[in-house]
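The chain that follows stands alone, in the form predicted alone, written as structure tokens.
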Amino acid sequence: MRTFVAPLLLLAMTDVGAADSPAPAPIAIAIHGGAGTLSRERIDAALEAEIRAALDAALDAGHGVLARGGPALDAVEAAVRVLEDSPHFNAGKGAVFTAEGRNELDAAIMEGHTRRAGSIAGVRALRNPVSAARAVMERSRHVMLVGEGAEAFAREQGLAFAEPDYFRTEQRWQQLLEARQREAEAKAPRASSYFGTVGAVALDRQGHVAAATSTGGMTNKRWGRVGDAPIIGAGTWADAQCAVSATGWGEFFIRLAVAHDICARVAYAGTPLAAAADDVVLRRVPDLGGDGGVIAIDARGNLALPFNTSGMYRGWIAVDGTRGTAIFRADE
């Protein structure tokens, strides 16, 4: 005889099973679009809305990967690609100009539990440098490729390229003209010349973390200058317990190995993530004369987003699902 289960009983049985099933593992993501001397006088309501929309789009791209059970590595790449495609940030489209009037792009990506890393620097035509950095990590024997060699490798991998006009924005061109004028008048560069980077850190359902960073570098830079963003341990780092993406005056972040220092404090001293990030960003960096900020995440999904400038473009979706975007210090 076939057993008949009434619909209401079946529903009750289903509810009991659901109650007994474990909750999904936590996921979280944080992004940044650069730190610097941001002022409300230069960012009107319309521009702020566009910037926040771009930050939200990057959060959605990265968190969507995590929500579908995808790896943190995919999530940080997806988020950074959105930021690279926006003209509002100094990475990819909208990158600043060198002294020669061209764009030179840097990027890095790192997977924490494997310590795999990839990096590119000084490329001029790659549409999404972060994807080139990942290709270096996954499809070469190397960690870092630069200049023409990096672009030759990227062409072999079938990555997307763009013409110089794609990267140009009038705002960035005017910043270069201003920097040239200040140089001609023997004035110090504006602090904003040193800033502008995008990045993401994420925790996936497997408990793995990853970090990615991309930048156009410094306005009016010369001689093939490279900042901290593509240097593993300086502007980008991930290990099994911690991931960091930095933004700021790169020379100081390199000298202090900022990203690695934060995670080393978590790993070796058991320092809570927020305390480690605060001490490095709010004490060590300014003590040496530098400015900037970081986004950081640990394997439990704790987030830290400290900065010592007037603002940092940033966004987050925490393990409890709460989300936000912010620009100025008072926004939180």
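As the structure is a computational prediction, the values presented were derived from the model and not from experiment. In case it trips you up, residue 1 is the first one in the sequence shown, and so on.
Keep in mind the form predicted together with a further copy of the same chain is missing from the figure; the text below concerns it.
Novice: Each of 35, 178 and 182 having a non-hydrogen atom within 4.5 Å of a further copy of the same chain in the predicted bound form: is that the case here?
Specialist: Not one of the three qualifies.
Novice: Is residue 149 part of the interface with a further copy of the same chain in the predicted bound form - any heavy atom within 4.5 Å?
Specialist: Residue 149: yes, in contact with a further copy of the same chain in the predicted bound form.
Novice: Would residue 52 show up as a contact with a further copy of the same chain in the predicted bound form if we use heavy atoms at 4.5 Å?
Specialist: Result no; residue 52 lies far from a further copy of the same chain in the predicted bound form.
Novice: Considering non-hydrogen atoms and a 4.5 Å limit, does a further copy of the same chain approach residue 93 in the predicted bound form?
Specialist: It does not: once a further copy of the same chain is placed as it appears in the predicted bound form, residue 93 has no heavy atom within 4.5 Å of it.
Novice: Residue-level question: is residue 116 within 4.5 Å of a further copy of the same chain in the predicted bound form, judged on heavy atoms?
Specialist: The answer is yes: residue 116 has a heavy atom within 4.5 Å of a further copy of the same chain.
Novice: Tell me, out of 164, 87, 101, 224, which residue has a non-hydrogen atom within 4.5 angstroms of a further copy of the same chain in the predicted bound form.
Specialist: Exactly one residue meets the criterion: 224.
Novice: Can you pick the one in 172, 208, 127, 260 that has a heavy atom within 4.5 Å of a further copy of the same chain in the predicted bound form?
Specialist: In short, 260.
Novice: What stretch, of 39-47, 63-71, 281-289, 301-309, brings heavy atoms to within 4.5 Å of a further copy of the same chain in the predicted bound form?
Specialist: Stretch 281-289 is the one.
Novice: In sequence order, which positions of 255-285 have a non-hydrogen atom within 4.5 Å of a further copy of the same chain in the predicted bound form?
Specialist: Heavy-atom contacts within 4.5 Å come from 255, 256, 257, 260, 261, 264, 265, 268, 269, 284.
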